[in-house]
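Okay, here we've got a single chain as structure tokens, the form predicted alone, with questions on binding and movement later.
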């Protein structure tokens, strides 16, 4: 795994391996979670669908089919207080092309054209294409809101980070999306071209020098300037000022309980190994306290798990509960965290947590998609580290360090979605 700068604000990650039959190339654009969030989310999906040389969805799909069934997709992630917009190409490894075609190079050219040569008119993007993507994106937002587990986590995050950019939905909002037009999207596209940091990931069996030249030539020709590239920062709040509870009622069969906690981090790597293991002991995996006690022994919930979001310094606890058990489950979850703070856990559980985390890092080498995901997750970090580097950090974490990490955690926001009587 290697990462290097190839143009102002453009980095190239490469991982050359003959292990897989496919290759993945992704173009990842990073922007702050403010201002044009809705427009950028809409735009990245539009760019994946058509282009100047492929003005209809049929034309684009036909071209992809000619590349042995390659795929071009778009995704939007929130990593810290950054919106990461990705165009992802999956294609056949050149070794398996029937006539020796350079499938990967053709795919890279198509990916670059999707971003750099969109289907635009003097007035901006075509309104019929914009209208289609607006409808699809609004449907996607609605579908996520209909998933009550996702909805509850989103609402907790909005409440907890209401004064921080992290509270912004990665896809924007329905109202802002509905007002967008082709002219506005053209402005946002031009802004992305020249001011957003970009990371390109290539994973598979390829000629590194040849692939690097394809990207370097195109981005150098743009004329990007270092001084114009936006600096992406994330605000870390290490301690909650107070704990507040927000409740909502909906006609749902199963209530939701989501807790947001400040992990005591002042930057992304602050005490990370100890916090990672502490969170695993507390609520990640079948060996954890939340699973063994709150779910299994006490039967207070259908599921209950904790996750450390190190890119923002937050720990979330998600649980599905019967409405009448919500506050009992909340007290039980608090008690389990207090137990970890007091060191009430065995050395065996520490070892299980370390093994579980180590296995999760190892799993990133299982496919080209996972390797690409790993590289994208680190696109905003100054220093790139492999999964093995992260796994090595966990080995020497002591019981005392885990206890200290647990005592740094403070509860910030509790969100309860209650079941409303039919």
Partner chain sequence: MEKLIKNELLGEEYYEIDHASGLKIFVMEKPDYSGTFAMFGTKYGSVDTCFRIKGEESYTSVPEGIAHFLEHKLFESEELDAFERFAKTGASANAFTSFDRTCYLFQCADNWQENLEILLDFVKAPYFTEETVLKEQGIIGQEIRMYQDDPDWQVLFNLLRGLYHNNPVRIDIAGTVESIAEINAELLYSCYRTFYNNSNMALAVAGNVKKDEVIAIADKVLKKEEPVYYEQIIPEESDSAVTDYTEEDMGVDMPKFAIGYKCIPVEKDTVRDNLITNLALDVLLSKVSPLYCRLLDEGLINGSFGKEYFNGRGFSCLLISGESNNPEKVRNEIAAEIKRLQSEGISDEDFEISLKRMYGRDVFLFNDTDSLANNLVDSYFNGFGLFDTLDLYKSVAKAEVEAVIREKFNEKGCCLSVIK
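Numbering follows the first chain given and starts at 1. Source: prediction; values computed, not measured.
Another form, the form predicted together with its partner chain, is not on view; read the next lines as being about it.
- Stretch 356 to 364 is the contacting one of 34 to 42, 356 to 364, 390 to 398, 371 to 379, since its residues have non-hydrogen atoms within 4.5 Å of its partner chain in the model of the complex.
- Although the partner is absent here, residue 295 sits close enough that one of its heavy atoms falls within 4.5 Å of its partner chain in the model of the complex.
- Interface residue remark: residue 96 is counted as part of the site for its partner chain in the model of the complex, having a heavy atom within 4.5 Å.
- Proximity of residue 132 to its partner chain in the model of the complex falls within the 4.5 Å heavy atom cutoff.
- Contact check for residue 27: no non-hydrogen atom falls within 4.5 Å of its partner chain in the model of the complex.
- Listed residues 116, 150, 229, 136 were compared with its partner chain in the model of the complex; 136 is the one with a heavy atom within 4.5 Å.
- Only one of 80, 264, 172, 320 comes within 4.5 Å of its partner chain in the model of the complex through a heavy atom, and that residue is 320.
- Within 4.5 Å of its partner chain in the model of the complex, a heavy atom is found for all three of 66, 101 and 253.
- Using a 4.5 Å cut-off on any heavy atom, the residues of 41 to 61 that reach its partner chain in the model of the complex are, in sequence order, 49, 57, 58, 61.
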